Structure formats: structure tokens, C-alpha cells
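You are given C-alpha cells for the same protein chain in two forms, set apart as structure 1 and structure 2.
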Structure 1
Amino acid sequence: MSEPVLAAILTRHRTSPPNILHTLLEIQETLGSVSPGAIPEIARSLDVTEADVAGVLSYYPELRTAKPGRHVIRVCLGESCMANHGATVLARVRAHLKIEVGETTRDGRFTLERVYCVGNCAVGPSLMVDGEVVGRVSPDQVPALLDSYP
């Protein structure tokens, strides 16, 4: 982790009461992930325990402890998407990329995550690639969709 960048972020987030989640989100936004090795420094800076920081880091699935691939795919598993075969879309993505949820392809091209709603319920099943929502995804569309990303 870049120490001067982390220090600058931590300086900006010294508030009372501390907001651990906002701090971790900015670290991730800036550095790509939150290194577990930085937990002690974050805890000292925010005047909280290491367990507090580790708890927030492990609770929110949006927070990562490793840098993601060039493209992040989030398959929606909300109620509407599940009712419209979202699990089948997820299975097709997993099979096409040969990775499980939470993993990154060997070439670093894709990271696969699940999300529980992308706000696109009317046209589920949906997935997001790099924040772009795609609706009415069928399993047969998955290879062409993913192959369109460099």
C-alpha cells in the first residue's frame, strides 16, 4: 500500500466519531483495495480497535482486500433477478470465466462478484460490468458480452 497516500487519506478522515466505512471506501477507491496489513495503521489513526476496522472490512462485500481485475462483473442475485434465473446467469459467467465468486481470472481481466440489487428489477436478470448495468441477460449472451471487454 502506498504509505504517503494512505497517510493523506487517514488525515482527512480523523473525525469524531470516526467513520470507518467511509475511510475504507476512500482507501479502496484510491488504492484499489484495502490491505489487511494496513489495519493497525488505520485503527491507530481513527482511534478505534483493529477489530473494529477488520469487522467493517469483512462485513461489507463491496470492500476488497485484494486488487480486482481490470473489469469487475457483479451478477445481481436480488429477488427479481433470482426469479428470472439470475442464478443461471451467474453459473454461466462462472463457467465462462472458470472462476468462482470473489475470484479474479488468471490473466487479471475479470473479477466476479455478486450483488443483491442493482436497481434494475423490471428487466432482470441483470449484471454490472465496471458499473454499467445490463438487463435481460440470458445465459447464452454471457460469452459474447464478456468477450467484448478487452
Structure 2
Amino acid sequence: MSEPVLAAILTRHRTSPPNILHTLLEIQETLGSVSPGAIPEIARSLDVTEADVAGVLSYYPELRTAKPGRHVIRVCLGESCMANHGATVLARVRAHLKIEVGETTRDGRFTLERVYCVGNCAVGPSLMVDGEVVGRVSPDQVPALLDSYP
């Protein structure tokens, strides 16, 4: 972790009262993840306990303690996508990338996650790659779609 960057973020967030989630989200945005090793420094800077910081870090699914792959692919398993065979889409993604949900491919290209609805239910089944929603995904499209990402 690059220390001066972290220190700069922490200085900006020394508010009263401190906002732990805000701080961690910004650290993650800048550095890609929040390293557990940084917990003591974050706690000291915000004047909260290490348990407070660790508690927030472990609570939110979107806060990461390790850097994800180059692309984060999230397959929707919300009910509307389930009704439209989103589970088959997920199976195809897993098979093509040879990883399970929560894992990153060995070459570091993709991290696979699932998500419960991205608000694209009328154009499902949906998946989201790096914040862009892809709709009406047919399972057969999956390999070509994934291969189009560098």
C-alpha cells in the first residue's frame, strides 16, 4: 500500500464525527482495496477503535481486502433474471472462466461475483462488467462476450 496516498486520504476524512464507511470507500477507490494491515493507521487517524474499522470493513460486501481482477463481472441472480435463466448464464460464465463466485482467474483478468438485481430486470438476464450493464444475455453469447475484454 502506498503510504503517502493513504495518509492524504485519511487527513481529508478527519471529520467530526468521522465517517468510517466513506473513508474506506475512498481508500478502495484510490488503491483498489483496503488492506487489513492498514486498519490500525485508519483507526488512529479517525480516532475510532480498530474493531470499529474492522467491523465496517467486514460488513459490506463491496469493500475488498484484496485487489480484484482487471475486470469485475457480476452476474445477476435477482428474481427477474432467475426467471429468465440467469442461473444458466452464471453457469456458463463459471465454466468459461473456470472459477467460482468470489474467485479471480489465475491470469488476473476477471473476478466473478453475483449480484441481486442491477435494475435492468426488463432487459434481463443481466450482468455487469466494470459498472456497465449488459442485457438480454443468452448463455451462448457468454464466451464471445468475455473474450472481448482484454
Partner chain sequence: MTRLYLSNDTSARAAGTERLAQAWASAPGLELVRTSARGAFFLEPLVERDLPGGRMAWSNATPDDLPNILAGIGGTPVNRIAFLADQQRVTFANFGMTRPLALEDYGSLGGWQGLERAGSLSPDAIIGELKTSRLRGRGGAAFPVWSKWQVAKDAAADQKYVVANADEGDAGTYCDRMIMEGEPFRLIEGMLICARAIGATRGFIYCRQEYPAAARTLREAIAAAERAGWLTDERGRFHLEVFVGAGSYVCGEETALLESLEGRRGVVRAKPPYPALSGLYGKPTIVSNVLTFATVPSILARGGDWHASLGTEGSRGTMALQIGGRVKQPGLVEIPFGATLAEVIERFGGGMAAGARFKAVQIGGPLGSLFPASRLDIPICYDAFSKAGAILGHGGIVVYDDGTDMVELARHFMAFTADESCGKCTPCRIGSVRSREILEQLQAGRSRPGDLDLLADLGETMKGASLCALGQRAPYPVLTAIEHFPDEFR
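If you superpose the two forms and keep the largest set of C-alpha atoms that fall within 1.5 Å, you have the rigid core. Throughout, residue numbering runs from 1 along the sequence of structure 1. As the structure is a computational prediction, the values presented were derived from the model and not from experiment.
Taken from the structure described as the form predicted in complex with its partner chain is structure 2, whereas structure 1 is drawn from elsewhere. Taking the rigid core as fixed, one finds a CA shift for Leu63 smaller than 2 Å between structure 1 and structure 2. Core-superposed comparison between structure 1 and structure 2: the C-alpha position of Thr30 differs by less than 2 Å.
When two forms of a protein are overlaid on their rigid core, residues whose CA moves 2 Å or more are considered shifted, and Val72 is not one of them between structure 1 and structure 2.
Here Gly86 exhibits a Cα shift of 2.3 Å between structure 1 and structure 2, evaluated on the superposed rigid core.
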